[in-house]
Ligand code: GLU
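Only one chain comes next, encoded as structure tokens, the form predicted alone.
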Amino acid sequence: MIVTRFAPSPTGFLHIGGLRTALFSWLLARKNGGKFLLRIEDTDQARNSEDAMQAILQAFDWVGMDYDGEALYQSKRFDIYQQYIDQLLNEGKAYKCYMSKEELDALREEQMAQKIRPHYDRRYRDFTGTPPAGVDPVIRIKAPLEGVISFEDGVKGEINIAASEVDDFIIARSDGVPTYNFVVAIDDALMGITDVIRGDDHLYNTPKQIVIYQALGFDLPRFNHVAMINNEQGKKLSKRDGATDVMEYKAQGFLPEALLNFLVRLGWSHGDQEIFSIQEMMELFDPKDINKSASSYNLDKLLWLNSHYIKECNNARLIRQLQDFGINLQDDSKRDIILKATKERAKTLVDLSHQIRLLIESPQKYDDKALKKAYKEGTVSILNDFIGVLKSEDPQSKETFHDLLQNFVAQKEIGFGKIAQPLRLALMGELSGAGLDEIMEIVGRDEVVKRIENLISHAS
């Protein structure tokens, strides 16, 4: 059975790069009827944030990525890590190193002066003498002295690292706290992880973790290292570009299925297909189709996808979602025609809520540029004549408003823009939005008259 995991550190909020890694891992597990586990790597007690930890869990809940069992917290597993450190010491596969920081710094300076790669010289690897007084030792693992550390990466192919490149690295600091690579290897092995998908910034942690696996007799998982997400200029993605807290995307009005569809295409493809349902992602995802090169974040693509999913979203769900943006259509008898008139044009729920607010609330101000463009000499006369027609005809439906508007233009022998632009400005406060007949049907005749009168009063 395939078992995957996502292992964030709660020292900061979950960003989209992390969510993409989690998504790939989740899809692989779900496609194969396996397990997807969540591990919180919270050994750095000084930097951990409860808010960040809760935000990670909230992000998973929002996008609908369920994990199996309870989340595992590394901070509760120190006794387990200590058992394996003791085991390696007892078996002679690890040792205590009494080298001080000053000695280590001096060694590195000397090596750099000689233009050789800075590395620990293993001086305590086979030490049998009397330990120096007053030094709390670190624990180092005995890495191979010769040969090659090899593994097959599902994305990058065969990776070979000369054993000489891997020092006898530290597995426990002088205060007893185990190091990152050690606890990751222990946890992945004990959790039964069969497939590791992670960013390629971890690629050169893998040989160290393999050393730990082999020292403890654990089976190796399959490794897949995914290239980073860059901005559109090919540089590291920054917060300004979109590397922000996943929950910020919710606040900006993105639907979770749009964000997941966007992320799955950042580094993975299936032919030329762009739009994937969650079910299609599950059926089609295969790590071998992950691109070797970095992918580019494209906000326009995300907005296009979000617009698509807003159009496809059923009205009942949209009404619930819009409540987070101050729009309550639950008891509005015209809620369906309001959404029909607006959701085709919205890129985000923020856009959608803005458009709906323009419909259901009389304008409190008017766009200055639109006012100069739409309000010309003769406009007051045209608007007053249109008010007279509205009061005499009493239209109710979109169709009757449409006919009334067309007949008015024909009878007045004016271009459609002469009435359309000032009327739209009166109704919406700006020159955008749904069709005028749709707007007037939603607003109703009396409110249309009131909004026209308000504009005339404002512009006089």
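Numbers follow the displayed sequence, beginning with 1. Since this is a predicted model, take the numbers as computed values, not measurements.
What comes next is about the form predicted together with ligand GLU, which does not appear here.
With the partner absent here, would Lys93, Asp168 and Tyr213 each sit within 4.5 Å of ligand GLU in the predicted bound form, counting heavy atoms only?
Checked in the predicted bound form: no contact with ligand GLU for any of the three.
Considering ligand GLU in the predicted bound form, which of Lys347, Lys250, Arg198, Lys208 comes within 4.5 Å of it through any heavy atom?
None of the other options qualify; the answer is Arg198.
Would you mind picking the one in Lys373, Arg123, Arg77, His202 that has a heavy atom within 4.5 Å of ligand GLU in the predicted bound form?
Among Lys373, Arg123, Arg77, His202, a heavy atom within 4.5 Å of ligand GLU in the predicted bound form occurs only for His202.
Answer yes if any heavy atom of Val3 is within 4.5 Å of a heavy atom of ligand GLU in the predicted bound form; otherwise answer no.
Output for Val3 is no: heavy atoms all beyond 4.5 Å of ligand GLU.
So in the predicted bound form, does Val184 come within 4.5 Å of ligand GLU, heavy atom to heavy atom?
Output for Val184 is yes: heavy atoms within 4.5 Å of ligand GLU.
Look up in the predicted bound form whether Phe325 has a non-hydrogen atom within 4.5 angstroms of ligand GLU, and give yes or no.
No.
Spell out, yes or no, whether the shortest heavy atom distance between Leu455 and ligand GLU in the predicted bound form is within 4.5 Å.
No, Leu455 is distant from the partner.
If you apply a 4.5 angstroms heavy atom cut-off, which residues in 12-43 are near ligand GLU in the predicted bound form?
Counting only heavy atoms within 4.5 Å of ligand GLU in the predicted bound form, the single contacting residue of 12-43 is Glu41.
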